[in-house]
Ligand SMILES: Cc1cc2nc3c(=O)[nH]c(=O)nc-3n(C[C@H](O)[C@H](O)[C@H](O)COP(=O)(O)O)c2cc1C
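The form predicted alone is given below as one chain in structure tokens.
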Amino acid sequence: MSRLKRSSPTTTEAGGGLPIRRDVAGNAMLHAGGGAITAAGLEGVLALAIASAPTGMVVADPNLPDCPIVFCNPAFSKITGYPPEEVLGRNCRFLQGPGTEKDTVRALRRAIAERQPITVELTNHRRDGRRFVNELRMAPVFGAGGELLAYVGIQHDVTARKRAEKETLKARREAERASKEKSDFLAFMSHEVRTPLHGVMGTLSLLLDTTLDAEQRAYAETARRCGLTLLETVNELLDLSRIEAGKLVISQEPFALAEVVKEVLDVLAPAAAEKGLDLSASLDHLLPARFIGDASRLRQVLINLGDNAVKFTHRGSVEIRLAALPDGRIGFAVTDTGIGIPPRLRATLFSRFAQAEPTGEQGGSGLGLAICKRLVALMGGQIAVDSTPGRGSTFFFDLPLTPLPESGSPPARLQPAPTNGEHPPAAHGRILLAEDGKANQLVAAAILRKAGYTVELARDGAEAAAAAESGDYDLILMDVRMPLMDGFAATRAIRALQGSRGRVPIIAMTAAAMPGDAEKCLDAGMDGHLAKPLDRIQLLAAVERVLESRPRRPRAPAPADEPVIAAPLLDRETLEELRAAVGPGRLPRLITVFTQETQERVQRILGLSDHAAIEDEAHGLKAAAATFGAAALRDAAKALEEACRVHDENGVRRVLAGLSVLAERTIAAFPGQRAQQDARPPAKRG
């Protein structure tokens, strides 16, 4: 360091009147009366500071061969384990060894050659051979004339920090892997649970559409409620998983506020009507009619809160109220006159698996309110509850929805649609059902056929594509996972067809209900996505929405003596579907039971005079005939049911005139039944 020579200082005056001493190198020293530190004293202070610093410091002289280290402080020796006598005179590369990053060494050499400062992290070795991560900050020192005097290096041992970063990265990767595995598992379980659940719920729907005694109907209704609870739990678990994984996206789309609330009321109406509760909604006149936000998630929150309100209210009312808040946000409140919530339970009410009445008969997963809280938070709001035990509860939340001010005003009051149990209107259309599951084939086909649709089956994607190419259909219901060719490939093949056959509406009917599944279906060219399981109402409503804008296929007029003769006596394809569904050897027994019940039911119908009673019997006959593929008898029963409903006396007489003969001809058409029929006299009206 002989090139760094001391020189006499000069003196100037600071802004506050205090003299500043500078040496020839330009280093400033403040002189404050007797407290001045001389140049020699300052060098001593600097030497003590360097010696006591916890940071390793070295100085290398580039003007000596191999740029040796000419100074090191005690902290450097402590970090590396080398005493000064083993450090001075050596190039710093002696700290390198196996594991030292070659790219980092090249970057250091380049900086030295270019006389540039650099900060790097590299693996060095202590005197005992142990590795450590050295954070090195190296900078050149220039003289007054610009000549290179030295290189100063500052070292920090950052091994502990790097180890912590590595552990954090490992933990994050493990968490990401666990999250992916959980998502994959949930996607698998969702599909594997939904597929059989679709068959269970559909079969129960068909069962409840038949004639049952009080005990049988009670059992079937209990099974149906359990199935709905299971489906709700599956959906809640998937929603909660998506929220916690950060994969649930809140959309921002225009929607009509009153439509969302009306849909919620319609969903809650059957349960409220069964308990005799008043159900309504009121909307602030200051609110615009339309907003921008996530209508689907808002609907989900309101349905969840409203369902809880109906569930825990035994008399009185449930009301949904919407108001414009002073800060521009929208306030939502669901108020009931139910049992209320004890104060001790409110603190955990919005936690996972917490229930307001854990010992009650209502059950539930305890996830609904936790999901509501998270959904409201994702939409930018907060949720709370106010409740008085024995007098009712109010759940309220606010949302920062973006208003569309020129959209008008919503109605002040809303009521749900009446739940009078009316049968859906007659439906006609030709539907192709692409489904490889035997149980799901039977259920979906039976539901659609009983509603009046003509249904044809395809057992894989290749059959579906071939059928669409050769036939004209009003709608295709497409399963996604099928052998040979899946639903995506089949849809692309159909969309490649020329003319109207390539534009037939296609709806995915699949158990795949994870995020992105609906988008995949739309990207493949489908027109919609229905998640299994679907009950009868959901399936028929979805089909009707697609077909309502398409022209109906004309049906041949029925002669007066035998209704709906255009339909065959026996749909062999439906019969084969039933044979495959029930298993080998069981169909003959089922046919025998069906024929006996049909004869008895026809005799009861012919002996009745009350239209309401005939309508009930005709409804049961229609359902049974559709299940066993008795197409002409099904249509006749349907015509009789409709004639009774509208009190068409001529229509009732016309169907009854040929019903007995049609029933006997239908029974005779079943395999093995003709010989038995020959011995039975035809039924007569009493």
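We number the residues from 1 along the sequence you see. Remember, it's a predicted structure, so these values are computed and weren't measured experimentally.
Just so it is clear, the following notes concern the form predicted together with the ligand, a form of the same protein that is not shown.
At a distance of at most 4.5 angstroms from the ligand in the model of the complex, all three residues 67, 136 and 152 contribute at least one non-hydrogen atom.
Among heavy atoms of residue 78, none comes within 4.5 Å of the ligand in the model of the complex. The shortest heavy atom separation between residue 237 and the ligand in the model of the complex exceeds 4.5 Å. Although the partner is absent here, residue 465 lies well away from the ligand in the model of the complex, with no heavy atom inside 4.5 Å. Among residues of the shown chain, residue 211 is not one whose heavy atoms approach the ligand to within 4.5 Å in the model of the complex. Taking a 4.5 Å heavy atom cutoff to the ligand in the model of the complex, the contact residue among 230, 587, 547, 122 is 122. Note on the partner interface in the model of the complex: the residue among 195, 603, 348, 96 having a heavy atom within 4.5 angstroms of the ligand is 96. The chain is drawn here without the ligand; in the model of the complex, the stretch among 59-67, 614-622, 653-661, 629-637 whose residues come within 4.5 Å of it by any heavy atom is 59-67. Residues of 623-652 include none with a non-hydrogen atom no more than 4.5 angstroms from the ligand in the model of the complex.
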